[in-house]
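Before any questions on binding or motion, here is one chain by itself as structure tokens, the form predicted on its own.
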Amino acid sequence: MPGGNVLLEARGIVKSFGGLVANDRIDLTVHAGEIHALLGENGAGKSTLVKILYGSLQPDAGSVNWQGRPAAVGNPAEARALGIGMVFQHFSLFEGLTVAENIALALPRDAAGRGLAADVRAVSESYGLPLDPAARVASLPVGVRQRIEIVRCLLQRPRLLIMDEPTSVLTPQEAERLFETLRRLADEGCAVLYISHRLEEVRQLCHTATVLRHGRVVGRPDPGTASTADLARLMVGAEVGGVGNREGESRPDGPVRLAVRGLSLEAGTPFGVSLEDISLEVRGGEIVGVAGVAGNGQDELFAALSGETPASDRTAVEIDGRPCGRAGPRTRRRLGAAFIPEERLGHAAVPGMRLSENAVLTRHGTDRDISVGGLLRLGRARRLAERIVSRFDVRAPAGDPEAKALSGGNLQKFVVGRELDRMPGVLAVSQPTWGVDVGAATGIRRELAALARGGAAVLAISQDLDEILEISDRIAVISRGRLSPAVPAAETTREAIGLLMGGAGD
């Protein structure tokens, strides 16, 4: 472990939101030259803590010392002036601007002058993250977009770099290049505070770790000696198993329940991706995983499957042998299909509606127990929401709260539970465990496996390659709007999938 001087020291950090204590007397020490993992479940307090360190939030109590001196970080600009940079999980880039223009927006005026393009090129190449300063962001793959965020921080010469789920949108090859860059930064004395749900990469990369649970520090394990099971147990407070061996449980010879045949669709927006001649079959009893780096046509494929974007040919999509390529979502639900989109708040659920109201969004046209003659049975809707909350361990405020009152991970469990409660014969799900902690992710994956064991056809679109490998019977890769043939999971490798994700099969 690097033995550099103490760079940042947080003591007794407290932050509450109403009756919720997000940070409860948290202590954190980060040394120069170390890569320090910050671990915890959804809602454990990680995001609140790093926002305080970066100046986006102010603590209710506690103190922060920077290089041995008290520091009041009032806003992100003050954090950057100290030497604290942050790369957020969700990129903050303007697609219509160039690389250099996006970087200039985050720099002081005297650093964003004529020489910026040369600085971008020199720094990016120096750290193995090459960028073309003149390239328009809309034309760049997601891995390159992350380079922009990192180089933008590096140009500010940070002493501490905070990274939130940095590999969630990267291929394995891109992730390894990122690790090389972070190791070099650490060798140069820069500290890295690293947030990730991917525990194996934490073990490979990080020197130290702090684990939060329910807003408190519950452990400081050594990632080099602790197992992934040890880390998961600290995060969740209990043993966390896997999905289990699905070999022999799936039925690859079951009937074709979802078929896509020669599907081509033009991109609906200037920054969208066109789908080109996509064909795929999913049989009852199996999970087919679709891997890919974000922005390669996953959204367009899901919209075509759900009916949000109808195809020109009714036979382009078939559910249990019935053509429905030109039909909308309600018709497809009546055929026994269910759909879980990536964006849970605003797409899968309405923020200002109560859970009982959100529970019926995908049932009011198909379930007579819930809706008759256009009238909702509100009592039954409330009981439905209660059943979903109970079965899927959704941790929500008492009563019938609005969807926006739930954390992202708990809303995801509610949305997944709402669709699985219908016992669909066909399920298409996009990013099933996006932003969900290790315990909840395991629960969701087990439910998908159980649905397949019951004879359903499950199509899972995910950027998480570990997830794809864990749950899938067969795996296809989408790249630039084209889909590779689905191959048995046992007959491929992480490296082969990563190459296809990077466009090697185009």
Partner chain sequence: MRVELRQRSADSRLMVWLSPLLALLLTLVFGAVLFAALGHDPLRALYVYFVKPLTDAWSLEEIVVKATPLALIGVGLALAFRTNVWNIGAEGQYTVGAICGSILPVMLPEWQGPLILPAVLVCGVLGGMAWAAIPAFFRVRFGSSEILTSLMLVYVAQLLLDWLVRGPWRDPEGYNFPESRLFEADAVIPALAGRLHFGTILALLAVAALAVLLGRTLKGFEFRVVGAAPRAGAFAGFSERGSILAALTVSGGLAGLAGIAEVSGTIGQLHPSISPGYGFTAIIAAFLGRLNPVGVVFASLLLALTYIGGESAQVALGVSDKIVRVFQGAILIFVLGCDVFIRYRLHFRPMRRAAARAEEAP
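If you're wondering where the values come from, they're calculated on a predicted model, not measured in any experiment. Residue numbers count along the first chain shown, from 1.
In what follows, reference is made to the form predicted in complex with the partner chain, a form of this protein that is not presented.
A.B. asks: Would Gln431 count as touching the partner chain in the model of the complex under a 4.5 Å heavy atom rule?
C.D. replies: No, Gln431 stays farther than 4.5 Å from the partner chain in the model of the complex.
A.B. asks: Check Ser371 for me: does it contact the partner chain in the model of the complex (non-hydrogen atoms, 4.5 angstroms)?
C.D. replies: Looking in the model of the complex, residue contacts with the partner chain include Ser371, since a heavy atom lies within 4.5 Å.
A.B. asks: Given that the partner chain is not shown alongside this chain, does Glu276 nevertheless sit within 4.5 Å of it in the model of the complex, heavy atom to heavy atom?
C.D. replies: Residue-level check for Glu276: no, no contact with the partner chain.
A.B. asks: Against the partner chain in the model of the complex, would Leu105 count as a contact residue? Criterion: heavy atoms within 4.5 Å.
C.D. replies: Output for Leu105 is no: heavy atoms all beyond 4.5 Å of the partner chain.
A.B. asks: Candidate spot Arg25, Lys46 and Gly237, all three in 4.5 Å heavy atom range of the partner chain in the model of the complex?
C.D. replies: No residue of the spot touches the partner chain in the model of the complex.
A.B. asks: With the partner chain left out of view, which of Arg330, Arg261, Arg184, Arg387 would have a heavy atom within 4.5 Å of it in the model of the complex?
C.D. replies: Looking at the other structure, the residue within range turns out to be Arg330.
A.B. asks: Which listed residue (Ala135, Met423, Val350, Leu82) meets the criterion of a heavy atom within 4.5 Å of the partner chain in the model of the complex?
C.D. replies: So the residue touching the partner chain in the model of the complex, by this definition, is Val350.
A.B. asks: Out of the stretches listed (191 to 199, 316 to 324, 376 to 384, 221 to 229), which one is close to the partner chain in the model of the complex, meaning heavy atoms within 4.5 Å?
C.D. replies: Correct option: 376 to 384.
A.B. asks: Closer or farther: the C-alpha atoms of Met353 and Leu57 in the model of the complex, versus the form shown, with a change of 3 angstroms or more?
C.D. replies: Relative to this form, farther apart in the model of the complex.
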